[in-house]
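Take a look at this one chain, the form predicted on its own, written out in structure tokens.
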Amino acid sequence: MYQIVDKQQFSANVVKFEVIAPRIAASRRAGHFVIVIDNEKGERIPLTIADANPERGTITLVVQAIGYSTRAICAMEPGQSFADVVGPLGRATQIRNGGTVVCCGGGVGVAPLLPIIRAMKQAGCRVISILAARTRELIILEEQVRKSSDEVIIMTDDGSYGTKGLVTNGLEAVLQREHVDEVVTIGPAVMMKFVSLLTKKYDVPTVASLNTIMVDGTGMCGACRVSVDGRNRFVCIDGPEFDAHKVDFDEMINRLRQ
């Protein structure tokens, strides 16, 4: 059983858990994810590993309450255990050695972005992090992001914190003032779509971590299928990260709506 040892409420619908999972903690890398089941009859929920502590044998997961299963998970408390946590799954992030990287996170997308920010910084990159949300209360992990970033830009839709505007407003300001070697974006599909359109205009390589529906996490069910460069790819085994300029975001968004 995978016991919850710590819980932090980020907002009304977003919770951070620290969970005992020693084997996953020892082998996970930036970009990896797990599939979590809260009880033996529960739904399989994919969650990116936001952090890990191999010494404690724990991993950190950030969950947003959206449907029945994620609401049930968010209601769990320290001392309770998940029925199963499977991972690490997916392909790890390809980390650059040097250069300037802009990491764009929207909402809970900041959680999976954090290990990438840390890995890029450790590899010698200049890291500019852009955190975006609808309002100040929905900005998460800011302190941790600042520790591994050379610059942090905060964007909120309502202007309650940082600068009023979208993540693309902050990103374009950076692209106009200096050379950027790569952009990494994680967040809502529509956000990643417009980040990709912007960076394509500036001819900046861009990686997007996709958040499609998953069932088995092994590529067998096909639920996470996306079109990348005109070919079918499975986010669970071929991703979750892809060249954003080759992803058919409109198809992906339509499938998510279904």
Partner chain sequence: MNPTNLTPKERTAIPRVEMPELDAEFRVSSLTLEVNQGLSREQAVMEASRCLNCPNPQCVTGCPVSINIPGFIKQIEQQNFNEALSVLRRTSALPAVCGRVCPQEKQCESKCIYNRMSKQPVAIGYLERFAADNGSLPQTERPQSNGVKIAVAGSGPAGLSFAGAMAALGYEVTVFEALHAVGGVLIYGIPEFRLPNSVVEKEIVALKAMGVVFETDTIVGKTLSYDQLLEMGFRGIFVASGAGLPRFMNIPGENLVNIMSSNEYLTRINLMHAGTPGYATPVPQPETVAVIGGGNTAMDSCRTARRMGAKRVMVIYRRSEAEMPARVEEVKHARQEGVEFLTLHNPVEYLADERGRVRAMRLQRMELGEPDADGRRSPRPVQGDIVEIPVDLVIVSVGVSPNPIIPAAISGLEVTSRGTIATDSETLQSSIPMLYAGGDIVRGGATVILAMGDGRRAAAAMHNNLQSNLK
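Treat the numbers as computed from the prediction; the structure is a model and nothing was measured. Residue numbers count along the first chain shown, from 1.
One more form of this protein should be noted, the form predicted in complex with its partner chain, which is absent from this view; the next part is about it.
- Task: Have a look at 10, 249, 242, 234 for me and say which one sits with a heavy atom within 4.5 Å of its partner chain in the predicted bound form.
- Result: Going through each option in turn, the one that passes is 234.
- May I ask you to check whether residue 205 falls inside a 4.5 Å heavy atom distance of its partner chain in the predicted bound form? Result no; residue 205 lies far from its partner chain in the predicted bound form.
- Message: Against its partner chain in the predicted bound form, would residue 41 count as a contact residue? Criterion: heavy atoms within 4.5 Å.
- Response: Residue 41: yes, in contact with its partner chain in the predicted bound form.
- Query: Is residue 69 close to its partner chain in the predicted bound form, meaning a heavy atom pair under 4.5 Å apart or at it?
  - Reply: Output for residue 69 is yes: heavy atoms within 4.5 Å of its partner chain.
- Message: With a cut-off of 4.5 Å between heavy atoms, is residue 229 one of the residues that contacts its partner chain in the predicted bound form?
- Response: Answer no; every heavy atom of residue 229 is more than 4.5 Å from its partner chain in the predicted bound form.
- Message: Taking 4.5 angstroms as the heavy atom distance cut-off, pick the stretch from 178-186, 128-136, 107-115, 78-86 that is near its partner chain in the predicted bound form.
- Response: Single hit among the candidates: 78-86.
- Which residues within 115-136 place at least one heavy atom within 4.5 Å of its partner chain in the predicted bound form? Sequence-ordered list is empty.
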